[in-house]
Ligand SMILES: Cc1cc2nc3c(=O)[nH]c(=O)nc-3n(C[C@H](O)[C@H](O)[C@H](O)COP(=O)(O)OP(=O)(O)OC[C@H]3O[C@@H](n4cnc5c(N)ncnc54)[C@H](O)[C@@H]3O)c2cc1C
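Below sits a lone chain in structure tokens, taken as the form predicted on its own.
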Amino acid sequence: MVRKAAEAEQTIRAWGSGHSFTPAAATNGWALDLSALSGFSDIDLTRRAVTVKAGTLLRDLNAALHTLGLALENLGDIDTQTVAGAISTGTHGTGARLGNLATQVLALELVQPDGSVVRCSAEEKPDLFAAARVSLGALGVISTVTLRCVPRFVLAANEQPEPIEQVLDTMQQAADANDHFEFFMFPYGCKALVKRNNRTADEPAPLSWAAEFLSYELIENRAFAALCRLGRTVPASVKPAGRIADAVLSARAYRDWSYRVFATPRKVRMVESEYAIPRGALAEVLTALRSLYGRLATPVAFPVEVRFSASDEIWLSPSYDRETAYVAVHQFEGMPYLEYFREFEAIARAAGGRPHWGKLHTLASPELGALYPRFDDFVRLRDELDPSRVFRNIYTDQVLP
């Protein structure tokens, strides 16, 4: 199909699960649906490495790895993406000593405009490997991904509300002291919901069905969605609702297999922008963000999410060559968000932030080129592999020259 598109002088874009808020998979040419290209193509238990087809959903991969006694060492909090889509946009979880999902890739295969397949790894075509793990689909269609795994493990999850000022004062130390640390900061409340997840040798002791239904389905999805709908209809109710959130936040502690702790059901629809901030600039970014809420014409119904990531060597990874804090802002579906996201982007840019490739932002190639030391190398490699721009679309036209 790729070869036919090139011969017909058409563009072609591979589809993942449609999770990106940016038009990363949009096309006015051909679309390649990879949902049937899923499952394992190789399993090496000795090396703890698995090769999966590009359209494999993370949730299916996690369940399959578990049956093999394996797991991925770090994951995001959503498991509905395809493997190829997740790595191509820089999907990440949280963990100051851990990288994003793409850092767990050992090798991958790319279909080129002429239909040939090229393989790359740290040993084989290392420059292509450094570029292709987060490539926005601009270097070819990923067909297989080889992932480094670890023995499956249990996480002790501890989630509790804490005063925002206390969280901001201790967040750097907490990020270093825990395997996985993150928090949600509510715009008009006084508390943050803090999550600390750490490996344990203890056996799983998961939440009961009733506790899980109450916490995730009833409170975090149904009740929160109802408050958001009220806020969309009556904007004046958003700030009081934020204070109500302080009152209903509760602590929970449990142990479960890692992939069940990492991913949580998210059913409340929203729009999102996220920036990767140099970790040392996080405090000033959050201070500026908190002062913004009183100036916005439309109140914000969603909390801010803060996560952490180690530095990596992937050319277009938002964590390239620096320890990173990710700050994500959201607004409920149907509520005005442009002013909020524009102001947040200005704050993040002033701190040297890099936008998440799958989340809303306005940056174009000139600004992005200044943020990534290997940006020109990526563009040069793209010129070599796809001079006719078979894999271009409206998004790559924005972010790449």
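Numbers for residues come from their place in the sequence shown, where the first is 1. Since this is a predicted model, take the numbers as computed values, not measurements.
Unshown form predicted in complex with the ligand; subsequent notes refer to it.
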message: Looking at Met335, Leu70, Ala348, Leu34 here, can you tell me which has any non-hydrogen atom within 4.5 angstroms of the ligand in the model of the complex?
response: Leu34
- request: Just give me the single entry in Val141, Ala131, Cys149, Cys228 that has a non-hydrogen atom within 4.5 angstroms of the ligand in the model of the complex.
  value: Val141
- request: Using the partner position in the model of the complex, report whether Arg266 sits within 4.5 Å of the ligand, counting heavy atoms only.
  value: yes
- request: Using the partner position in the model of the complex, report whether Pro206 sits within 4.5 Å of the ligand, counting heavy atoms only.
  value: no
message: When the contact criterion is heavy atoms within 4.5 Å, does Gln10 count as touching the ligand in the model of the complex?
response: no
- prompt: Is the gap between Ala24 and the ligand in the model of the complex 4.5 Å or less for some heavy atom pair?
  reply: yes
message: For the ligand, considered in the model of the complex: do all three of Gly99, Ser309 and Ser317 come within 4.5 Å of it, counting heavy atoms only?
response: no
- line: Per contact check vs the ligand in the model of the complex (non-hydrogen atom within 4.5 angstroms), the hit among 151-159, 198-206, 166-174, 266-274 is 266-274
query: Does anything in 9-23 come within 4.5 Å of the ligand in the model of the complex by heavy atoms, and if so which residues, in order?
result: Arg13, Ala14, Trp15, Gly16, Ser17, Gly18, His19, Ser20, Phe21
